[in-house]
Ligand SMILES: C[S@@+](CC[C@H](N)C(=O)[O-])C[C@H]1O[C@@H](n2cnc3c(N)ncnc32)[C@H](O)[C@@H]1O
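Heads up, the chain below is alone and in the form predicted on its own; it's given as structure tokens.
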């Protein structure tokens, strides 16, 4: 059985043509040793954990290892399965990029439901470490889309799930006929949590109008689908949901929160160039 590092080397060699140097944008060569190098001799190494760090300068992330492990537990519970199933159905082509992938659980579970190969990128090293730990077999990259390690037109589907967007870079990376699929909260997202934590305050309500409008401005053709469902929430997942959600970070007495069910309410924005 291959080690995580050996599997990452194998996969990156298989898809070597999609990678470029984030310093100079020249093509990269993935050597059998796990060293990745461009003609200008900028180099990167595939880590023993099975990921590669393409950052051109250090960045301090505000997201912790504990947050990503909490997120992995919540997503693994099946809370987002209907969303992931729909995203798998909407995705096109072979190569899929998840931007702001965090610990990789959404992408891994989507790729289990469809043919093709998945690549995840996040600026947070702790997220990518967790992705490599939990989901070997995909390519995980620490990187910044402002200094992208990918060649123009490389991806058939680009996901952006509850994460900041870089639409110009998404369009550069998109292959002809490809789709950019962004997931944003709708007004009912985690409403039971919002009602308990922020009753009678402006945080009790939420609107995504600005985000949706900006997406529509960025693509020539846009479809919007709304996906809403409510599921029972296991008691032990409540503190993990609070830890993974920015909303939960602002709750002083987290032990006072009791959630027996939770609503997932999303807009899925589908853009083509």
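All values derive from a computational prediction rather than experimental measurement. Positions refer to the first chain, counted from 1.
Keep in mind that the form predicted together with the ligand is missing from the display, and what follows is about it.
Only one of 173-181, 68-76, 89-97, 149-157 places residue heavy atoms within 4.5 angstroms of the ligand in the predicted complex, namely 68-76. Taking 136, 129, 190, 162 one by one, only a single residue has any non-hydrogen atom within 4.5 Å of the ligand in the predicted complex, and it is 162. In summary, among the residues 145, 111, 119, 197, the only one with a non-hydrogen atom within 4.5 Å of the ligand in the predicted complex is 145.
Contact annotation for residue 219: none of its heavy atoms lies within 4.5 Å of the ligand in the predicted complex.
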